[in-house]
Structures are given as C-alpha cells and as structure tokens.
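Below sits a lone chain in structure tokens, taken as the form predicted on its own.
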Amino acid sequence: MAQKILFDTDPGIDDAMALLFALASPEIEVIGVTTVFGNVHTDLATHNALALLEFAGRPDIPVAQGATRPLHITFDEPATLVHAANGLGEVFLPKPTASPDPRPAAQFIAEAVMRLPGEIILAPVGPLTNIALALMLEPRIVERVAGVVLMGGAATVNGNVNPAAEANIWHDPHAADIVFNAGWPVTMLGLDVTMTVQMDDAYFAGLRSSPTGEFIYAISRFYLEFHRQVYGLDVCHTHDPSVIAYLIDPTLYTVEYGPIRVVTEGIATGLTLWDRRGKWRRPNAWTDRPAVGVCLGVDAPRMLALFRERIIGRHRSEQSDDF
C-alpha cells in the first residue's frame, strides 16, 4: 500500500523535482499539497504547485495555500538568485485551471491527519511554518500523524545561508523548534546528506527521454548556473528530492538519533544544534526532548539511479512534448 503524504512546499526548482519524483513513484500517494513562503512568495508558490500538478496530469490533488510569513520574525526575501523570479528557473508552465482549496494550509493539514489517523506522513521541504501552525490549531495531530520527514537543517556541517543556518530553518527558526520538539517522529534530511548527492549537466541530459525529464532538464539550467556562480561547482546539490528518496527507500540513508534545538536569535539564528552525546552533568535545554532521526550518510549512486528511473520511467512510452 502506498504511503500517504502531505507535501508542504515553496516551489522552487528542487521542490518541483521532488514533487514530480513523488508523483512518479507508486510507493507514495500525494493526498495534498500545501504551500508556504521561502523560495518564492506564497501566492507564487501556490500558482507553481497548481501548474506542476496539472503538468503531471494530477490536477485532482488539492492545493491549500499557507503562511505568508514566519511566526515571529520578518520574511527576508525570496531566493530569486537560486530559483529565478518565477521560482522555476524562468521556465513557464501553462496557467493552471484549478483553484486552491479554500481552507488555509494549517487547517487542511490538521483535518487530513485527524481524518486519517496513523496514515499520513507530513513531508515539508520549505520553512516549517504551516506544520507548526497546524500543530497549534490541533495539538492532537502529534499522536495521529505517521511521522514528519523534512528537508532542512545542518547537524554536522555549515549552513547554506550563513555558517550556522540552512535556509528552510533560518526562514522560521521558531516554527522549526516547535516541530522538532513536538513529540512526533521526525526525520531530518539536512545539508549533511543533500549536498553529497550531486547532479551535473550530463545527469540532467540523461533525463530528457520523458516530458517530465525534459522539464527538469530545462529548469536545471538556472539552478546549475547558480551553483557555478556562487559555489564554483559544475553540479547542483540535491535537496528536496532527498525527502522523497527516503520515503521510497530509507535504506539509502544512515540515521542517528538525538534531540535538536533550534537557535532563534543572535548570530546563530537557525542553527539546528543536535545533542549527539546525550549524557550531561546538569539538565539543559535538550534534556528530555524527543530524539530526532538525523540522516548522516547516503548512498548517492543508488539515490540518483532511483530518481532517474522514476523520472524516465513515468513516461517511458511517450514522446517528449513542449511545455
């Protein structure tokens, strides 16, 4: 039986890759998409989510628009340098015909989890604001959710916004601290693993035998150029698709456990500070906090092979079309 997920997203080039990966995988049933600020403003995130679902032939999947700002701090600005002004590398899909669900994302999430207890994994790949708001709205979802598998954080490496913080956590550190410490099962796929899975131009070119792969190739042009300009790399890191890969095959990853607190102010705002030791002479802010599963290693060749197989295989018999 396919694993039901709610995909919380701010599309975003790698968000688009992750959503298309999920839709192409029989192990996963995307029962809804919720949108949040981050890579783009929330209204554009909603537009992109609707357009991506229509492109994939799944306009039946509901999209609920979510938070437009963090819980307690100011939203800095969208990541246009990374994803372009339209969020999809200046590649434009047809205007979606579907409309968003009338419910706010937090309500949509809470109602879905309460309706299907034990069946839904929350899969956020953007700031964690919607997840925290859903928890505030309906605290009982802690006991009823099957788990939270998120892209964000950096347990053993530097961040990608500054030395301390990964972008999704940095955008709303208060929400992240709530989510990590709510008491539900959380698995974190952070920069520790997402930066070690790298896609280059030849890899993207190898996806072009399907319409989905052709689209991913097109949006990767902007993403690769960002990595060249900022990091001096001829590859891009594979962030958000890592969540989907974990959900399909957790054996791709090695995981260790320990509580995480998120720094919410000062020069280290957004830092995911992980207690790997667990034994201290005095109680501290990590004492009696729930353990988080932190992915520390990944079989990158297998993960890349899985992504390629799903993206190509989804339309194996079709000819590549314009979009």
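This structure is a prediction, so every number in the text was calculated from the model and none was measured. When you see a residue number, it is the position in the sequence shown, counting from 1.
One more form of this protein, predicted in complex with a small molecule, exists but is not displayed; see below.
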- Name the residue from Ile216, Val149, Leu88, Ala167 that puts a heavy atom within 4.5 Å of the small molecule in the predicted complex. Ala167
- Look at the stretches 135-143, 159-167, 249-257, 203-211 and give the one with heavy atoms within 4.5 Å of the small molecule in the predicted complex. 159-167
- Message: Is Val125 near the small molecule? Define near as a heavy atom within 4.5 Å, in the predicted complex.
- Response: yes
- Message: Does any part of Asn39 reach within 4.5 Å of the small molecule in the predicted complex? Heavy atoms only, please.
- Response: yes
- Message: With the partner left out here, check for me: in the predicted complex, does some heavy atom of Asp240 sit within 4.5 Å of the small molecule?
- Response: yes
- 4.5 angstroms heavy atom contact with the small molecule in the predicted complex for Leu191: yes
